[in-house]
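Listed next as structure tokens is one chain, alone, in the form predicted on its own.
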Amino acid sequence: MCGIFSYYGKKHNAPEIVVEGLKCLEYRGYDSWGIAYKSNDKIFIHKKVGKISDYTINKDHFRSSEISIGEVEDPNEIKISIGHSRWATHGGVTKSNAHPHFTEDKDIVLVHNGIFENYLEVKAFLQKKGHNFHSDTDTEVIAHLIAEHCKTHSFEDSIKLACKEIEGRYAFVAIKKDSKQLISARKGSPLIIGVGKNEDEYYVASDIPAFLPYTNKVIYLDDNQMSIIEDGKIRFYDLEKGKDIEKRIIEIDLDIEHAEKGEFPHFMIKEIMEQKDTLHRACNANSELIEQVANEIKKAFGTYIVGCGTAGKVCMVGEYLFSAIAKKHINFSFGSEFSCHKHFLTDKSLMICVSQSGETADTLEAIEIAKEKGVKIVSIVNVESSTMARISDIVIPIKAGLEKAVASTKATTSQLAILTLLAYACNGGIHEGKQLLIDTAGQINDMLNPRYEGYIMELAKRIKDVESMYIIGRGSNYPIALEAAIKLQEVSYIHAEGFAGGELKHGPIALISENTPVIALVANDECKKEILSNAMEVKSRGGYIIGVSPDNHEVFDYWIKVPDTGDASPIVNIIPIQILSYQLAVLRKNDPDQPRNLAKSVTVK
């Protein structure tokens, strides 16, 4: 869940390029950050706790650094620099735990994303060999492990040997004081090579936007592969097959403007407003591809729909959609819980995975489990070049565009749109489904305007100081109640919980006190009377009822109007909650783009 950015080439101020690249990756981790750079076989390291957003590298950093060997004689001689923005998994948020990490003599320095699961065992072995550690991280152990192998092997071969001993998911970039090589390796965590306009210039990053200002030519490093950059050239090695391999350069079509906020104060509100367009792109998905997946669902003996976090809530909605529209039973599971279902898998099963990044560790592990049983894999992803997309049998891209705010918004509604299309296609009504979504997108376009935002802001001002709030829903809006709670938790830091409306009387209603905000998600469906009755139960106990509904009802103390869109109600009902969450974050002086303790892409278990 950390961000890696490294540079090899002849550009001036390589450390400055890396710092700017890390700023583009800060959504992946922002507890701490650091860079290392080489000059005349000397390595300089600079680390800080906190965000990198407002940091500007100054000339003094080329002369001396907090942890350095020698002095940089000429900044223009810096050809190699590596950097990292951290989201803590092992060890607290301290300068010593920040990356890059290094050996005692600072001979080997590296940055790392992932979790080294057996690091304690390896660390104990290395301590017996005389290695001393100064951080609490698993990453430092990798540096020492490589150093141990370097006693008898080359730098490159030592990394190959170390990779065989690392259990878990990883992506790392390493340099050595007396080596001209920049070496990268990955297993389970993303790592992408950007090929500069000059053939001897390369960028290594966790995500493409970090180097998009410089190049749109990429090479995707796959699992169990290494890249070795040396003397201006790059080569690749397959760690499993034990041999050199060829990789092709791909030109990607990404607009750098999509990676910027533009006129918006935050990415989150920009991406909420982009749903006017992203839903149109989703509902214009390739009909043949949708029909193909629908046919796979119809002939499968057991279909599982799997995701984590927000994508997991989308999958829960899918379970309801397939039941109501297609009259099909689909099994839902969070990626982290999927191993409990492996006993029911056969080569006739189908697995549909939903993810924004396509790099979610728990979902990728679920895919690995399913593949061992011969299960066919369908992925619904935003990042078409992701690991999930590349290992799936069929890929449905949601085409929401780059999403940088940690709290997912436009990708969520696009995922919901694709699942709605699939449900309709399973019942032979793909054109009906497309028309429903086109109409819904048009109504959302009308809804997302400054007056609507202002109306929700009035509510945000009323409730911004509450300690707890609750969201209730029924049918396909029950998972949306859970997702609404996630949105509120993520960015407002208000304690929020979602419940099935009918479950309130079985315990949660005890939490209601005078003026407790309760959001009721209402659709004009078979659950309408029941959810309004549940809202009345809450109101009779002093709750403050906020209705998200096509129509106003007597029970509402505050009404947020949404279009009447039938089966697409989960899509329209989550949008005002997204806006409310954003506004609460701003009023409470939180950063809605980078909420505390969270990272955008959960690439560790």
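What you see is a predicted model; the values in this text were computed from it and never measured. One rule holds for the numbers: they count along the sequence shown, beginning at 1.
The same protein also exists as the form predicted together with a small molecule; that form is not shown, yet it is the one meant from here on.
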| field | Exercise: residue 274 in contact with the small molecule in the predicted bound form, heavy atom 4.5 Å | value | no
| field | Partner proximity in the predicted bound form: residue 357 to the small molecule, non-hydrogen atom cutoff 4.5 Å | value | yes
| request: Report whether the minimum heavy atom distance between residue 138 and the small molecule in the predicted bound form is within 4.5 Å. | output: no
| request: Verify the contact flag for residue 310: yes if a non-hydrogen atom of it lies within 4.5 Å of a non-hydrogen atom of the small molecule in the predicted bound form, no if not. | output: yes
| note | Contact with the small molecule in the predicted bound form, heavy atom within 4.5 Å, among 406, 162, 378, 182 goes to 406
| task | Using heavy atoms only and a 4.5 Å cut-off, determine which of 487, 86, 101, 186 is in contact with the small molecule in the predicted bound form. | result | 487
| remark: Only one of 330-338, 406-414, 457-465, 510-518 sits within 4.5 Å of the small molecule in the predicted bound form by heavy atom distance, namely 406-414
